[in-house]
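Next up: a single chain in structure tokens, the form predicted on its own.
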Amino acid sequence: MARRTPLFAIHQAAGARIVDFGGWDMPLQYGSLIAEHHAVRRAAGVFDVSHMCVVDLEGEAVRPFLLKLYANDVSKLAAPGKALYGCLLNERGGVIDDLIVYYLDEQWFRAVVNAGTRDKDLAWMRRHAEPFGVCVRERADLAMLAVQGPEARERVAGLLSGAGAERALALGAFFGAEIDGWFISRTGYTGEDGFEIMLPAHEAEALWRALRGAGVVPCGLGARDTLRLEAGMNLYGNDMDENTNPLESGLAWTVAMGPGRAFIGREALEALRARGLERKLAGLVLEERGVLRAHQRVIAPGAGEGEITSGTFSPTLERSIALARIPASASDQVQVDVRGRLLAARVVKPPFVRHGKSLVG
């Protein structure tokens, strides 16, 4: 039986189309996917992301533990509440998961991992935590809502106490803090400003209703996917997995290869760099009418072939876009096999959209 978030009954009552996502019954959309997408780009939308797994990592050696486990460098985290995006890698350099880690104090970090990988992530963390004496605690008691869009922060602040609203609005990007009993972080997966809110599961319904009362539009996984793809953000299982590495997945910027960092997967990545990468993850913009979808073949003249990893029609750009893993030597013009027709596409550097504005010509 699929898992359900504390807001499942609310989604059902709202007439949401429910789908299985990573073993969870989740709302795909409530009405028009495009309307939900535009609500986030133009004002504010709320997503139930309680299927994501919040994990508290506690112990005197939690920082050394994460220095080994995480491909990004948690030495960068010194201010309480600061967050860092990165990957867990296996010994071959493959991506076990991508996640956000928060520094709360010297004996307490918090990680947020993907729904579909939570079981293997927890097992991997616990396997490596034991020698460090680190406690890996899944926070199943918490729900999580993402409020995103140019008006999102103001809408959330309007539900907080006076002092709480000031603290929330003062949060810097990629910072979180305990405010009015909730952990509020200025993070997201849409390319817009906003908050992700972790709170006791029994309070999630009241917050959802309060946000709806403040004019925030409920949004499902469909809009979340079009928004994140416009923002050039990877989706685990599509754009990277254990058979791909961060260097060929557009995530080299999340790998800290500084001297003395013996994180899991480093040796494999160093060997890959020494040989030279054969593939890269690039953005595609379709130059003709059609819709780009995952697994379509990409032909790069003179360089070889690749494959689309994520594709969609972009509501903001009103054209089809994709992420694709293609030969590293590919030029800026390729062709995509769309139902047997070779259609012209232009190679671009993601993101495609940022803060509602097009970044591609």
Partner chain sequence: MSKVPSDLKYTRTHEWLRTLPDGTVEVGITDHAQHALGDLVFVEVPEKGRKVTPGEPFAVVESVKAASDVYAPVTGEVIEGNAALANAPEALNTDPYGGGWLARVRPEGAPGALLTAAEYEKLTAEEGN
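Quick caveat, the model's predicted, so the values are computed rather than measured. Residue numbers count along the first chain shown, from 1.
Although it is not shown, the form predicted together with its partner chain is what the next lines describe.
- Only one of S310, Q29, T316, Q335 comes within 4.5 Å of its partner chain in the model of the complex through a heavy atom, and that residue is Q29.
- Just one of V54, V49, A300, L33 comes within 4.5 Å of its partner chain in the model of the complex, counting any heavy atom, and that one is L33.
- Note that among 132-140, 269-277, 106-114, 283-291, the stretch whose heavy atoms approach its partner chain to within 4.5 Å in the model of the complex is 283-291.
- Its partner chain in the model of the complex is not approached by T190, whose heavy atoms all lie more than 4.5 angstroms from it.
- In the model of the complex, its partner chain sits within 4.5 Å of a heavy atom of R17.
- A residue is said to contact a partner when one of its heavy atoms sits within 4.5 Å of a partner heavy atom; T226 meets this definition for its partner chain in the model of the complex.
- Along 323-361, a non-hydrogen atom within 4.5 Å of its partner chain in the model of the complex is carried by R339, R341, in order along the sequence.
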